Structures are given as C-alpha cells and as structure tokens.
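For reference, the chain that follows is the form predicted on its own, supplied as structure tokens.
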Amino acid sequence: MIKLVRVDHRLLHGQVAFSWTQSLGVDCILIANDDVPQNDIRKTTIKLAKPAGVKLVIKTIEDSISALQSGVTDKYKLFIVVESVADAYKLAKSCPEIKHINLGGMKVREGTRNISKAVNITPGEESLVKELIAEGVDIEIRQVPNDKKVAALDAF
C-alpha cells in the first residue's frame, strides 16, 4: 500500500527519514531515481539516513514502476521518495493507486519561482502538477508532517 509519494531534491535525509516514516507508519522506503542506483556515493549517503527497522529499496523510475505494477510491493506500507516533479508524474501516470503527492523540498533552479518556504517550481512542473490534480491526485506542500498542509493549487 502506497502511503505517500514525496518530491524532495535531497531524497532521504533526517527530516524525511524520521518524521515522515514515523508519522506515516511505513515499513518500507522506495527511492525512485535514475541516478542513485549507479551512484555509489549517493547510494551510501541514502543508506546512512535509513531509520532502523525500515526496509530501504533503491530503484530506477522504470524499475520502480515495474515493481509497483507487479504487486511485489503490496505487502509493504510504502513511502516513495523521488527527486523531481517529473519523476512523481511518471510514477503517478503509470500507477493509478498513487493518490497523494507531497512537495517537500525543491531547490532554486533556473526558471523556478518560489511557492513556499522550500518549494521552487518551473512553469513546466506547475503544468504537470495541475494535470495530476485534475486527474484526482491530491498534491500538497509540507516539509514535515507537523506543518500545516497547503494544497498545491492554493500556492500557485
């Protein structure tokens, strides 16, 4: 069961690893990213941030989609973390069971505008978010579970 998909440019770090994992009651974290599986430094850093007692799986976006579609992840309370809105979009379009996406940390990049304390979004990303919302996906902005939940549409 997918509990949450989170977009965070830092992927797994203290705030995500501990506050979200506890709040959601998950037993497995899936890092869905095309760079990390072959980048040993990033992979090691992510493994260091993993909370005790929680399974960590690192897969490419396509392998993540395949695993989600095959049902092998169904036995887990799953927290999926991606690095970008584009990656979250690919997952949500391929896996209709994704009903909730959290925008947690998106750094300043060329062409972005700030829509919350830690979220900076390009016009293209905003279009993808609006498309998913129109298809019934709940997209919210929050850094940590105790923050006030802000609907992404209210921030645009």
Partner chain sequence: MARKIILATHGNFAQGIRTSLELICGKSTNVEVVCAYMREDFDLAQTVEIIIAENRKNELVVITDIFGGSVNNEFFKYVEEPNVYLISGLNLSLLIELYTQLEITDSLENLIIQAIKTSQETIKYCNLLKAKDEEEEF
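Positions refer to the first chain, counted from 1. Quick caveat, the model's predicted, so the values are computed rather than measured.
Absent from the display: the form predicted together with its partner chain. The rest refers to it.
Heavy atoms of Q15 reach within 4.5 Å of its partner chain in the predicted bound form, making it an interface residue.
None of the heavy atoms of N114 is located within 4.5 Å of its partner chain in the predicted bound form. Contact annotation for L78: at least one heavy atom lies within 4.5 Å of its partner chain in the predicted bound form. Put simply, Q69 is far from its partner chain in the predicted bound form: not one heavy atom of it is within 4.5 Å. Although the partner is absent from the chain shown here, none of S84, R109 and I121 has a heavy atom within 4.5 Å of its partner chain in the predicted bound form. Remark: of stretches 125 to 133, 87 to 95, 37 to 45, 101 to 109, the one touching its partner chain in the predicted bound form is 37 to 45 (heavy atom within 4.5 Å).
In the predicted bound form, its partner chain lies within 4.5 angstroms of at least one heavy atom of each of the following residues of 12 to 31: Q15, C28, L30, in sequence order.
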